[in-house]
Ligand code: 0O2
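In structure tokens, one chain follows: the form predicted alone.
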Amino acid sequence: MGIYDQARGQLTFQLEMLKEALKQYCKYDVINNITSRIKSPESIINKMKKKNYGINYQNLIENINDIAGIRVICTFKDDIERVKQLIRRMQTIEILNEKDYIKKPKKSGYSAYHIIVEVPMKYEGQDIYVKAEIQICSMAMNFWSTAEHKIKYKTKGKLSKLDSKKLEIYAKIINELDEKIKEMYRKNIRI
């Protein structure tokens, strides 16, 4: 887990530098916040079982892409595109895969942009590549996903169909608010 933590730290540092550069250039916090985590061993095993992977290191390294996770929380929804383009230009990582849950949200209502990357690291004198997941979302998207995760965690995934449907509806309402606030801001600063 230590090598994943090092990759998380290195990537978080680079994204923090990007955050500061964007703030200087744009004169506001394009990136409001950056959070990161390392998936717990229990969570990794549960994911491997759910996906029917044999529980071994080879399957873990090849198939579990989000052991190191970084969430880049943008102030406004349209800032996500700017940050995504800048991450694509980073010379220190290799992009393996991208998933756009903004254009096509998950059934639950979850919305964000995911980028799976490889971070080059030194390990016992050798160059290795460690996978990490970068999630880019707006503050509103982050609010919804954080609340939804806590609700599902507390109910151990046994949320009623009615409550699941409510969460989907709330995601749409939050998305509309996200758009309206962005439009108001852009109109008043004339970007």
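In case it trips you up, residue 1 is the first one in the sequence shown, and so on. What you see is a predicted model; the values in this text were computed from it and never measured.
The form predicted together with the named molecule is left out here; the points below concern that form.
*asked:* Can you confirm whether R37, N63 and Y101, the three residues that make up this candidate site, all sit within 4.5 Å of the named molecule in the predicted complex, judged by heavy atoms?
replied: The answer is yes: all three residues contact the partner (heavy atom, 4.5 Å cut-off).
*Have a look at K27, K165, K51, K122 for me and say which one sits with a heavy atom within 4.5 Å of the named molecule in the predicted complex.*
Filtering the options by heavy-atom distance leaves K51.
*asked:* Even though the partner isn't displayed, in the predicted complex is K156 close enough to the named molecule, meaning a heavy atom within 4.5 Å?
replied: Close contact is absent here: in the predicted complex, K156 is far from the named molecule, nothing within 4.5 Å, heavy atoms only.
_Given that the named molecule is not shown alongside this chain, does K161 nevertheless sit within 4.5 Å of it in the predicted complex, heavy atom to heavy atom?_
K161 lies outside the contact set for the named molecule.
*Contact between K84 and the named molecule in the predicted complex at 4.5 Å, heavy atoms?*
No, K84 is distant from the partner.
*Heavy atom within 4.5 Å of the named molecule in the predicted complex: which residues of 83-112 qualify?*
Stretch hits, in order: K99, Y101, K106, S108, Y110.
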